[in-house]
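What follows is a single chain, given as structure tokens, in the form predicted alone.
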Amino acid sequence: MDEILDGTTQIDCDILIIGGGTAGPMAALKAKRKNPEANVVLLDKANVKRSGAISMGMDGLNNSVIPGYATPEQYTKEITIANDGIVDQKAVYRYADECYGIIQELDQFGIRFQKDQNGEYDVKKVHHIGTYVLPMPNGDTVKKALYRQLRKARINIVNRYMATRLLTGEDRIAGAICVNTRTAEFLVVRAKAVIMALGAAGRLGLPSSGYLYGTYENASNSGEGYAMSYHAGAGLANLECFQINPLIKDYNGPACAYVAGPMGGYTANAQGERFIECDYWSGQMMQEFYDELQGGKGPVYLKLNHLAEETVAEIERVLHIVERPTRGHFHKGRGTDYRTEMIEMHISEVGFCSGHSASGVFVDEHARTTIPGLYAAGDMANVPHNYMLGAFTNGAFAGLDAVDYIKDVDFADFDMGEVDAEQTRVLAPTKRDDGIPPNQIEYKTRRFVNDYLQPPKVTAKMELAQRRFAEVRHDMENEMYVRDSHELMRSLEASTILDCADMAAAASLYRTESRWGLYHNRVEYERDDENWFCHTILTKGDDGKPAHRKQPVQPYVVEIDDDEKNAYANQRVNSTVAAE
């Protein structure tokens, strides 16, 4: 099984889309519909039918901007405030202005959204300012519905190929190098445009359970999009803005304030007191969560035991069936019941994910990266607080723009020596008779992330992290050993995780201030708008190491009043409300 075979194939296409989860399929559909003659290839390291963060479904849309409930201006203002002002608003505003059309399209796909007795979308309030949460009663069917659309559109799907490096030439994108995850055979794809939709870097930190794949994020999303962009020379923005989320302790699944909050559930301390006004995830909210955990009133809990039986039953139906079916089994095994006790929560491992923060490959409002012909969408692009609907919507933007881009270009020439070098790098662990298995390289990297990069961040610890990562890289490049093509895939993921760890340390050291609450809490520095009200852009330097520059925040299209700017920094309940 998974025998390592020798072989290289080359194919050509107009648009190559890497990642078959959420943004990728929508990009493919939009591109193909706009130009039915275009050769669109959708590639995934697993199987598109069941890949990505939504493979088991989703309980709702966290950020729907629906007329009558919210406006694009209101949403843009909310995301700007939640992200401490470091936002290029054009991308956020375009999303907010056009996402309603995507919701209607998804509805036509057969994805059912909750509606009220008048047939209108039943939108709920969770965020600090606006009302954006739209429940999905049959959210477990979302990937099935999406896959049906791909088959109808006759999209060319390539399963079980993992992209490892992007190809560039003539100062633009040229394609990608891929390896089969079952046979280790290579595939070189020449493409006029490439859209990356590879999700978050979900295996950066190590869960408190110590289980490599027990992550908050989809564990198959190991950060390949971030690493490939870096090695291709693209800019990555604000990587120091880590993703950190509240979760059910030992389960590593979300507490799902989006479901429980509108029904009366809330985050409480050990005394049953609500200590934050808004359960919408932001760096500031996570700082309050962390402070309560570390204080005399921790641990922190999800409180539902004050709710009526029918309300708890509905919460269970959504949380235990739609998004994470294993959650019900976890509570049954532990003997916990929402009706009789509060459920202990904790803080997730760190990661990169614009879906919940703002760390990603830099893109504009068209999903264009800093490399012509290369696009990024979904959790790996830096449009903040994207979530699933953002992935669908920005994936659509990428597909539509890529079709226009390819009208005026042919295939770019690239150096075949890059392909040879990548094959040598990828296959190096297969040439050794013995050594260190990939899971040990990965575990060591991620343990060091926890030891040295987990916020609050300390300069001396982050500098130590860089030294430790260099030691791990030496071991990886000289001693990592694999026995079959499945382990080869794991070795490539371990390499990606180490690249992301290096970038996380470098970016965190570069921004010498505290910002985004817990996400980038540097204990030696206060917030410094005078010097750091800007994006930080990380690229691969001439020496092969991360290089940095500041990039101004674009002029706002929606102004923020001075008395609104710190709304998310004032969430602690001043007079605690005890549980009844």
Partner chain sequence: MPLAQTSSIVPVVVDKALCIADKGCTVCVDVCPLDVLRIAASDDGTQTAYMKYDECWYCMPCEADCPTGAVTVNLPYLLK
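Numbering follows the first chain given and starts at 1. Keep in mind that what you see is a predicted model, and the values were worked out from it rather than measured.
Note that the form predicted together with its partner chain isn't included here; everything after this is about it.
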| query | finding |
| --- | --- |
| Residue among R112, R324, R468, H306 with a heavy atom within 4.5 Å of its partner chain in the model of the complex | R324 |
| Contact residue in the model of the complex, from E273, E105, D484, E314 (heavy atom within 4.5 Å of its partner chain) | D484 |
| Residue stretch of 500-508, 150-158, 469-477, 175-183 approaching its partner chain in the model of the complex, non-hydrogen atom distance within 4.5 Å | 175-183 |
| Every residue of Y216, S220 and F330 near its partner chain in the model of the complex, heavy atom within 4.5 Å | yes |
| Its partner chain contact in the model of the complex: R549, any heavy atom under 4.5 Å | no |
| Exercise: M489 in contact with its partner chain in the model of the complex, heavy atom 4.5 Å | yes |
| Heavy atom of R527 within 4.5 Å of its partner chain in the model of the complex | no |
| Non-hydrogen atom contact N531 with its partner chain in the model of the complex at 4.5 angstroms | no |
| Heavy atom within 4.5 Å of its partner chain in the model of the complex - qualifying residues of 235-260 | D250, Y251, N252 |
